[in-house]
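Just one chain follows, in the form predicted on its own, and it is written as structure tokens.
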């Protein structure tokens, strides 16, 4: 997905709406969403917590040879993995503890175990979307796991293992709203997305009868959805599932996907040995149930059942 900024949220297309009066419960809910934010647009570590996360068997990876990236990690004694820090239940950093959590983080841990590195020997490093290719090319990270869509342009710059999840643009609405079931129901509705993002542009071009509203962050859109100022929020369903997992009694993801975003593990372009090892690791963890257990403990808290993992593209 396109990078969005994290400045103080403000609407791009019209003045900010006046909040409508809502019950005290919603006010308390907004307080929960607002509590603990490290910066504007950074979702807090609140909401339902995973009751238990899978543990992953650490394997002897001595047989994996020919990877300069893995050789360097072995030399320093730990992996450095690029990640997101502001996507709830995908890649999120607790500002108080510095601990990362979410489905993408679990993917990074499970494949790391297959490379011979237990969780305590994996260092996560926040890398902005715009800097992912540079970080991989310069050796700042060994691999990157963070809603990283595989496409042909990026393959010219970096390698990809996976995909491990296929996301797509979808819609987040209030739990009690039965008017919107998909993009065909957006005519005349107030739809919020990150201004300038790919989802924003898709609504603008393909659903011009929607009343499109742009903010700097998705968290600002979600705040306005909860207070009835907009009717729907749109971006990748994986990101929306994370928000729904925070407050499943208030929000839900609806409708079919209306784009295709295969998420992959980014690697240095010419390190084919690492890419092959990561693909083998993904296949193994999908087969033994680790993938599903990781989903159920993170994005699955939204109430969404775990999908079937997509076929791995061993190009």
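Numbering follows the first chain given and starts at 1. Worth saying up front: this structure is predicted, and the values here are computed from it rather than measured.
Not on display, but discussed next: the form predicted in complex with glutamic acid (GLU).
Put simply, residue 93 is far from glutamic acid (GLU) in the predicted bound form: not one heavy atom of it is within 4.5 Å. Put simply, residue 199 is close to glutamic acid (GLU) in the predicted bound form: some heavy atom of it is within 4.5 Å. Taking non-hydrogen atoms only, residue 132 approaches glutamic acid (GLU) to within 4.5 angstroms in the predicted bound form.
Although the partner is absent here, residue 112 is not a contact residue: none of its heavy atoms lies within 4.5 angstroms of glutamic acid (GLU) in the predicted bound form. The single contact residue among 242, 146, 162, 159, judged by any heavy atom lying within 4.5 Å of glutamic acid (GLU) in the predicted bound form, is 146. Proximity to glutamic acid (GLU) in the predicted bound form holds for all of 84, 218 and 261, with the criterion being a heavy atom within 4.5 Å. Only one segment in the set 285-293, 261-269, 52-60, 245-253 has residues whose heavy atoms sit within 4.5 Å of glutamic acid (GLU) in the predicted bound form; it is 261-269.
For the stretch 163-179, the set of residues having any non-hydrogen atom within 4.5 angstroms of glutamic acid (GLU) in the predicted bound form is empty.
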